[in-house]
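Only one chain is included here, represented as structure tokens and corresponding to the form predicted alone.
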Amino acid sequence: MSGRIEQRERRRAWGLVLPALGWTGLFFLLPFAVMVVTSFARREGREIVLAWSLQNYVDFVEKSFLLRGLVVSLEITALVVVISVLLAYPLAWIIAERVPARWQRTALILAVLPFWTSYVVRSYAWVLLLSRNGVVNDTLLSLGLVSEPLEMASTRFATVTGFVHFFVMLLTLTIYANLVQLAPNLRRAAADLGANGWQTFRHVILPLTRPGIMVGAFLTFVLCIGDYITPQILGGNNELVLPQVIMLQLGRRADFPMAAALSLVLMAVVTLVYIAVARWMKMERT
């Protein structure tokens, strides 16, 4: 009797899982397999020939403008992650520790307001703010801090600013979620053992909130390094990130094999970063 119940439950479990597996296979695994195969093909004239060659990956390493796209992406992403963490942690700490509990929900709603507007709208808003005739330059000129407008639009500074504006709030949520779970007795215990405020933060608070920092930092890394819209609008074409290079291969050259190879390189970078972060977090927990 118990065996029949187990078989019935197993069939029921598979019935619930199979639709999700089918969806994943159809819309992720199959397109991914097609992209992998395409990356080993070659574009000859207007035709794509499946040559099973590594030439696309060799070209990525040998052609400086392709490799430069990955380097620029990593530089911008690293800068965005560091700045976002440094700005988000104090904000999350203020909300969790200094804002009264009855007002914390309101503070969080205000913190996530940037998520309520379109990504494109936010980017173009920063273009207006940072342009030569924008609000920032007008303010600096009126205060006498500069003698002529600064070139801030279509620069790396503009791209990083746009990214940070968005991702600070994402990191604030992940860090806040860790901070509110900390028991007040931990700080009292540290104080009883003679630790001052800085020592308590360094040896107690920071290690316990590090998972929230790493989760938010990894999400920021993934969303930032794969973004095309913000660098295109705010950065212009002065410095091309890898997603822009991939779009150029598709839009201007119709070189689908090279675009597939570059996409796989980008996915490989994200996978390596995930493995490094996951292992590091597991070590921290132990």
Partner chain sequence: MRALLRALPWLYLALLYAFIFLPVVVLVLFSFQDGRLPVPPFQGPTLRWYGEVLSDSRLMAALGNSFLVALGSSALSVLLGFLAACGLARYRLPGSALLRGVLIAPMTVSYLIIALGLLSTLNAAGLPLSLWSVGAGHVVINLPLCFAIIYASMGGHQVSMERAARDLGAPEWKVMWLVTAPMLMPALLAAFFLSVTFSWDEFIIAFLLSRFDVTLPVEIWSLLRSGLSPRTNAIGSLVFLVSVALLLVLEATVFRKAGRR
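Under this definition, the rigid core comprises the largest set of C-alpha atoms superposing within 1.5 Å between the forms. Numbering follows the first chain given and starts at 1. None of these values were measured; they are calculated from a predicted model.
Not pictured, yet referred to below: the form predicted together with its partner chain.
Its partner chain is not drawn, but in the predicted bound form it has no heavy atom within 4.5 Å of A101. Taking the partner from elsewhere, G212 is found to have every heavy atom lying beyond 4.5 Å of its partner chain in the predicted bound form. Contact check for V277: no non-hydrogen atom falls within 4.5 Å of its partner chain in the predicted bound form. Looking at L272, you'd find every heavy atom of it more than 4.5 angstroms from its partner chain in the predicted bound form. Screening 182 to 190, 202 to 210, 74 to 82, 103 to 111 for residues having heavy atoms within 4.5 Å of its partner chain in the predicted bound form returns a single hit, 103 to 111. This chain appears without its partner; in the predicted bound form, the one residue of L67, V58, L250, L50 with a heavy atom within 4.5 Å of its partner chain is L250. Residues of 230 to 268 placing a heavy atom within 4.5 Å of its partner chain in the predicted bound form, in sequence order: Q232, I233, P243, I246, M247, L250, F256, A259, S263, M267. Shown in the overlay between this form and the one not shown, fitted on the rigid core, is a CA shift at L18 of 2 Å or greater. After superposing the rigid core, the C-alpha of W103 moves by less than 2 Å between this form and the one not shown.
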